[in-house]
Every structure is written in C-alpha cells, then in structure tokens.
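Structure 1 and structure 2 below are two forms of the same protein chain, each written out on its own as structure tokens.
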Structure 1
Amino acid sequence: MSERLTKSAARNIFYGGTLFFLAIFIALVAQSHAYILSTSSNNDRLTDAVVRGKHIWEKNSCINCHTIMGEGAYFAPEVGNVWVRYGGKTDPEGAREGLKGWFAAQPTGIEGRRQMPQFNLTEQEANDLIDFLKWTSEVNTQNWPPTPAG
C-alpha cells in the first residue's frame, strides 16, 4: 500500500467517512419512514384487527416456513400476495372462506408433501390473520412479486 497513506490518515478517513455515510442513511430512512406512513402502506387502513393478525402471524412463527414480501424461510409459499392468489381482489368473501378452509384442513398428512401444522385458530384469530394478509397484499411493493405465484 502507498507509503503516503499513514495509519492515522487511514483512521481519520474511516471515522469521518463512516459518520458521513451513516448520516445519509439515517436521513433517507427517516424520509422512507414518512413515505411508508403517508404513501405506500395504506396506514389509515391499519386497523386493530390487522395488528392483531400480525401478532398471530408472529406467535405461530409462520415466517420460519413461509416468506412474506420475499423474506423468511423458503420452505413454503410466499404469503405477501396470498390474498391476491386466492382471488381476494374480485371475491373477498370467497378468498376469506378459502383461506379459513385451508387453515382448518392442516396438516393434510399427504405422504411426500410438506406439512403445515394445525394452529387451532379461533374464528376471530383466523379473521384477524386474513385481515393482516389482505392489508399486506395492498402495500405498494414496486410491483413485486413478478407473478401471482409469489
């Protein structure tokens, strides 16, 4: 390495540069925070039911099999758009009944097929969870995923 760069110069560049990039990052995240609340996520439709549904999603650790917005485990289908996949945009009642039926039918026990556990959701829990999945599908995700398959 060039002899002109001394250790103390390298140290100063490290500390100065890090503070510089950290400041930019924090500013952009603050702007993104405002953007999420005002524009992309329909925050006005973030009802108590949706928040309760999110906690049901968390309590059962769904993310360690499924992905949501592409993040999670890769063992089971994407659920960020599962509402759309079940036809919720055109037939919300049908989609809701379809999802509830799916929850109730688990585990399928079919040999050679991945098994989803039975989480024994109450009627309200199932509704809350579906509200959360519906809300999630309506977030502006820059058109991701590319196909309804998720």
Structure 2
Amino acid sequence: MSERLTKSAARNIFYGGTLFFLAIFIALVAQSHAYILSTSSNNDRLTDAVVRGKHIWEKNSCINCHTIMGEGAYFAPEVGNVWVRYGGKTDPEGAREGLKGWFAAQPTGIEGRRQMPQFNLTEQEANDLIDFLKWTSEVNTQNWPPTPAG
C-alpha cells in the first residue's frame, strides 16, 4: 500500500465523478419535469380564461401578499385552495359569487385587520381570476397546504 494517488489519477477521478453526477442530475431533472407535466399538473384543463386569470394575478402582484402553493409572501392567506374553502367542489356557482363579493368588498375597513386593496376588477377579470384560482386548487400539491385554512 505504498502506492500514492498521482496527479493524473486524481484529475481522472474528479472529472469522472463530475460527469457521473452531472448525468444523474440531468436524469433527475428530466424525470421531475416529466412527472410535473404528466402527473402532478392538470395541463389538460388549462384554458384561455385560466391564462388570463394568471395574467391578472401577476398584473396586480397578488403574490406580494398571498402565497400560492406555498410560494409568495406570508402577509395574507394561501390562495391555492381558496376555491375549495369557498365551497367550489360542492357549489361552484356559490363559490364564484362569494369570491366576486369578496373582491368587491375590499378593503373592508375593519380596524386592526389586514386590508386587501380594491383592484376594481371587471366582471370578466373577476371570472378569469376565479378560473385561475379554481385551476390551481385542482393541481396535485401532495397535500399542501397542510391545513385547509392555508
């Protein structure tokens, strides 16, 4: 065991290990991407209204206060499951009207409570945003958030 690790052997081990783990990383990224597209997401229900709703979400910077699927700010509630919390699974029309009413009633003016700004959404914008929130509630989030209240 008097053999020493030569410089060229160390270099070969480094480059070989780097290429090996890079290949594993690329394979795992590809597998994760395929899983997201085929299993985790619901791309088949992605409509023009959902896309417009996502644009409204971005235009009004809702993520600056809310989280959606765990991403965003923690000032206001998680909205990835707001459709379910408003009863959208059992009463879709009631949930839609409830959310529209919530949007229209903001800010509530209750002392000491966080206030959501009034964005003055049109009927179409409100429906598109609700369609986006409905779509996000149907994505397989693997039981996130852990509580129904978000």
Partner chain sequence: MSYQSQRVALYYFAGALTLFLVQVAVGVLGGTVYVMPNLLSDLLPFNIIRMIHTNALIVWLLMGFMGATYYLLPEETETELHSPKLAIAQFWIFFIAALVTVLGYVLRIHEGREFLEQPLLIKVGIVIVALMFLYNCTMTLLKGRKTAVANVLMLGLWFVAIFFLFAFYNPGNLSLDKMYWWWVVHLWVEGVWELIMAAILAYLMIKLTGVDREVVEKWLYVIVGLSLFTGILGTGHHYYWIGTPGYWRWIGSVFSTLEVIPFFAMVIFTFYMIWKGGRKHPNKAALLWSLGTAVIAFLGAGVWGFLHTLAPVNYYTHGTQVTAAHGHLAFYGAYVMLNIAMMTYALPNLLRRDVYNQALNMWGFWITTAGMCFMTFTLTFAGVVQTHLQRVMGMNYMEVQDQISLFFWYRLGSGVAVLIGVILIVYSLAVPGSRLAKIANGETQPAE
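Quick note, the numbers are simply positions in structure 1, starting from 1. Remember, predicted model here, so these are calculated numbers, not experimental data. Heads up, when I say rigid core I mean the largest set of C-alphas that superpose within 1.5 Å between the two forms.
Matching each structure to its source, the form predicted together with its partner chain turns out to be structure 1. Once the rigid core is overlaid between structures 1 and 2, Y35 counts among the residues whose Cα shifts by 2 Å or more. Core-superposed comparison between structures 1 and 2: the CA of V139 stays below a 2 Å shift.
Domain motion between structures 1 and 2: the smaller of two rigid parts turns 16° against the larger, based on C-alpha superpositions.
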